[in-house]
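The chain that follows stands alone, in the form predicted on its own, written as structure tokens.
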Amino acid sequence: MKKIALGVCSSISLYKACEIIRLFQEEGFSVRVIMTEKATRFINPYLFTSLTGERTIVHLFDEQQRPIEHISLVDEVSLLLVAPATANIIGKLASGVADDFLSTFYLAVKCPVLIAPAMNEAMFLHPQTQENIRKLKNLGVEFVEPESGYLACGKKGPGRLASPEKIVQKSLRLVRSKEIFKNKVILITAGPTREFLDPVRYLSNPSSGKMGYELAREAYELGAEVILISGPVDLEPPAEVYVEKVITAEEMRQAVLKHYARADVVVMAAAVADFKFSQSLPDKVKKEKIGPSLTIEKTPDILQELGASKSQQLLVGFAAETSQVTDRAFQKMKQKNLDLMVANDVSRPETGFGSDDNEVWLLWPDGRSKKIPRMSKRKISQQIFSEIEVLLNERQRNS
């Protein structure tokens, strides 16, 4: 069922529900909005009706709605999300009060429930509110913790509604998680590395990290514990993903090896710099002191080292090529003892470094290959993890 029930309450952050709806729609989910009566004083229900294409529900009994709609709607939704959730609705849900459509619907649903609080920091930190949250958590209700920052009352503190992106990512984890990925640790590398000559000059590549970050997001939504080792990028990490930031190839190597033993799946999507300067200087070197050539040496081949020492890990590599893409990728896969290779042609500006789209070939050690045509890196990440799921299921059957 690809429908979300979105409950919205009378918070000044109510306008963010519009962005939440859009993000769900981008993921292929439809949304049915349930408003508390007081929320209609902030926004007219017709706005949400226009955005979703479905009539917004406000009242428990309405001539336009189906008989006992708070029961019939239960069978259509895969998640009840309340965002923003006020202290009032949290108290109602914790106490089992059912005096409007949203609180009544909560008692009827069998799907996961996610709450994103939004209120003044004094109200959020009040012992009664915290007790209500604890009670709901003990009942299995999930929460997206509010952020700290500037509040509508003019004060600063915890209570600001979490970002729509974070709310939707947590929602998708609840509805998309798969049993095969639960309790799995997935280690992902992303972005470039930099090898410094001095504090202001370095060797690197144009990798943006977008592919690796989308892979981390996908792994999180599928239910895994995700460790993201990231080179220097200008991207917001996926919600609730452990991120370790590195700069050089050696730093990335050390970070990967630190987590490698407990990883079930390793996806090496980073574009690690292949070379470094033989000497890295502490101060900026004057141009006139640099000779006609600089001595460089190879950086460690992290993927090959992992392939040589792997035990239970499922190892996935990336090959960025500019010609003979599949031939060279097959050769690398064999040399590095990989379970799956993802190859792409980075010479094409529309699918190369920094682009939002990609076009890749998936390669297996038995000689099979599969081309994934140009699509967003978000969808490419889903395709890759679909194949990782197949490999994990095969291992589970054979174990």
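Numbers follow the displayed sequence, beginning with 1. Please read these numbers as outputs of a predicted model, since none were measured by experiment.
Although it is not shown, the form predicted in complex with a small molecule is what the next lines describe.
**Q** If you check in the model of the complex, is Ala270 within 4.5 Å of the small molecule, heavy atoms only?
**A** Yes, Ala270 sits close enough to the small molecule in the model of the complex that at least one of its heavy atoms falls within 4.5 Å.
**Q** Looking in the model of the complex, any heavy atom of Lys332 within 4.5 Å of the small molecule?
**A** Yes, contact at 4.5 Å.
**Q** Taking the shortest heavy atom distance, is Phe318 within 4.5 Å of the small molecule in the model of the complex?
**A** The answer is yes: Phe318 has a heavy atom within 4.5 Å of the small molecule.
**Q** Asp274 versus the small molecule, in the model of the complex: is there a non-hydrogen atom within 4.5 Å?
**A** Heavy-atom contact with the small molecule at 4.5 Å: present for Asp274.
**Q** Ok, Leu102, Val226, Ala85, Leu303: which has a heavy atom sitting within 4.5 Å of the small molecule in the model of the complex?
**A** Spelling it out, the residue with a heavy atom inside the cut-off is Leu303.
**Q** Select from the listed residues Gln169, Asn120, Thr129, Thr299 the one whose heavy atoms reach within 4.5 Å of the small molecule in the model of the complex.
**A** Looking at the other structure, the residue within range turns out to be Thr299.
**Q** Using a 4.5 Å heavy atom cut-off, indicate which stretch of 355 to 363, 45 to 53, 332 to 340, 29 to 37 touches the small molecule in the model of the complex.
**A** In the other structure, the partner sits against 332 to 340.
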